[in-house]
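Coming up is one lone chain in structure tokens, specifically the form predicted alone.
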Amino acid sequence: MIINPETRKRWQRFKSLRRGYFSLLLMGAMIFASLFAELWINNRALLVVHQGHIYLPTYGDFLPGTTFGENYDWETNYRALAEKIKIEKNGDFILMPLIPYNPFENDFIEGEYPPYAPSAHNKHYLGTDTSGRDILARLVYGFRIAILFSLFLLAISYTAGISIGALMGYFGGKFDLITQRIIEILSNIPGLYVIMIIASIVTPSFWSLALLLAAFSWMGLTWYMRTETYREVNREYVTAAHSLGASHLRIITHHILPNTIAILITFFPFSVAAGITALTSLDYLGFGLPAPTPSWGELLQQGTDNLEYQWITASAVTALSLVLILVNFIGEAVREAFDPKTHTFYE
């Protein structure tokens, strides 16, 4: 693949901004780890060797306890099976994840009430919430949901905002004027209250909540795209494309959009951060994803309601702060790398 020299130059400039570059690497590693969270945070074993047979329960089918010689038909308790194999030493083998709990599982200690403080012995490294669920598991799975939600929201918002803004700037005239008035009316609708009202009537799903947020988040981008398209549409290369018989769609997608993409990319990291905070805020207020979906907002809500259990609030606040700091560092570096000025300095 041939990389445009200007793109290569911008990438090298981005790499030279160490704070943003290493934030991108760390953020990428966190996303990758969350996408395969089942391999290191799960109550299913990674590998079981029983009587010469090999089982891979993590991404496999439901395996009842009778499969491994237990006297029950529901799903195998792999933590108990691991203890049994360790004691009996009968030649079987089991490999458990680093954190042998899933984010939905209630783990109760006899004679005690949750939440439980962080404990390496019980492998609740950040403790449990008020329902006995592992906080680290809910943080990681909650991060995966939040980042995927944010990217899906961003894809919808960018598609709508870029398309409508480009059409406004390209055609101008009455179409531009009418569309501006429509956007101004929609911008005055209190989106958060509308979402809260709808969520109080109908339990939102991942997709419906993203669509609801996208319905109010695409409008800001149209103004930037409209301005950039206005500037580009009168340039010589667009006039040349017209004279060669290029269609409106081809001129917008193959000529104008590639020359305006730089300003759009600079908004990308900050849009991701906005999507994460929007979902966290709605979950905190109780109008987000339904329980028991792993959620940072729900953990924050638990923490503020139970301030005596500091580990709940501390875990959620630290995770959210870390992600937002990384995203903002990336955004600063991207903005600096795509700065049209030749001589820039980034401290």
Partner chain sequence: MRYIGLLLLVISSLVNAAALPKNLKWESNNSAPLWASPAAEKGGTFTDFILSFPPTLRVVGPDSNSSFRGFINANQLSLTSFHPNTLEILPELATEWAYGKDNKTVYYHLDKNARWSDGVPVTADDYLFTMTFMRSKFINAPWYNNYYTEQIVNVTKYDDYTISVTGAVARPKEELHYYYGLQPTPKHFHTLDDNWVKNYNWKIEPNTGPYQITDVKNGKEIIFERKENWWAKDNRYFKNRFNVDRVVIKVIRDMNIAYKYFEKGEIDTFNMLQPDLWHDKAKGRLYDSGYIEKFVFYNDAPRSSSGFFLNMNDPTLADQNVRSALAYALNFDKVTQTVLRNDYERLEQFHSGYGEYSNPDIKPKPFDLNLANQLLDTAGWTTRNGEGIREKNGKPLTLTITYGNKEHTDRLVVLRQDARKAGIDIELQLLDPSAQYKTIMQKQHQIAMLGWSTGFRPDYWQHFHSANAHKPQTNNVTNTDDKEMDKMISDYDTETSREKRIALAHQLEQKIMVMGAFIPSWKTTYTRGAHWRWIHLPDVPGTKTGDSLYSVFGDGLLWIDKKDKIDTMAARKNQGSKNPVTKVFEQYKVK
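Because the structure is predicted, anything quoted here is derived from the model rather than measured. Numbering follows the first chain given and starts at 1.
Heads up, the form predicted together with the partner chain isn't pictured, but that's what we're talking about next.
Asker: Consider the chain as shown here, without its partner, and state which of 34, 301, 58, 67 has a heavy atom within 4.5 Å of the partner chain in the predicted bound form.
Answerer: So the residue touching the partner chain in the predicted bound form, by this definition, is 301.
Asker: Whether residue 193 contacts the partner chain in the predicted bound form should be assessed with a 4.5 Å heavy atom distance threshold; does it?
Answerer: Residue 193 lies outside the contact set for the partner chain.
Asker: Residue-level contact is defined here as any heavy atom of the residue lying within 4.5 Å of the partner chain in the predicted bound form; does residue 105 satisfy this criterion?
Answerer: Yes, residue 105 sits close enough to the partner chain in the predicted bound form that at least one of its heavy atoms falls within 4.5 Å.
Asker: Residue-level question: is residue 133 within 4.5 Å of the partner chain in the predicted bound form, judged on heavy atoms?
Answerer: Close contact exists here: in the predicted bound form, residue 133 approaches the partner chain to within 4.5 Å, heavy atoms only.
Asker: Should residue 309 be classed as touching the partner chain in the predicted bound form when contacts are defined as heavy atoms within 4.5 Å?
Answerer: So residue 309 counts as contacting the partner chain.
Asker: Kindly indicate whether 186, 269 and 339 are, all three, within 4.5 angstroms of the partner chain in the predicted bound form, using heavy atoms.
Answerer: No: no residue has a heavy atom within 4.5 Å of the partner.
Asker: 274-282, 46-54, 315-323, 289-297: which one contacts the partner chain in the predicted bound form at 4.5 Å, heavy atom to heavy atom?
Answerer: In the other structure, the partner sits against 289-297.
Asker: Only counting heavy atoms and a 4.5 Å limit, does any residue of 73-87 reach the partner chain in the predicted bound form, and if so which ones?
Answerer: The stretch 73-87, when checked against the partner chain in the predicted bound form, contributes 73, 74 at the 4.5 Å heavy-atom cut-off.
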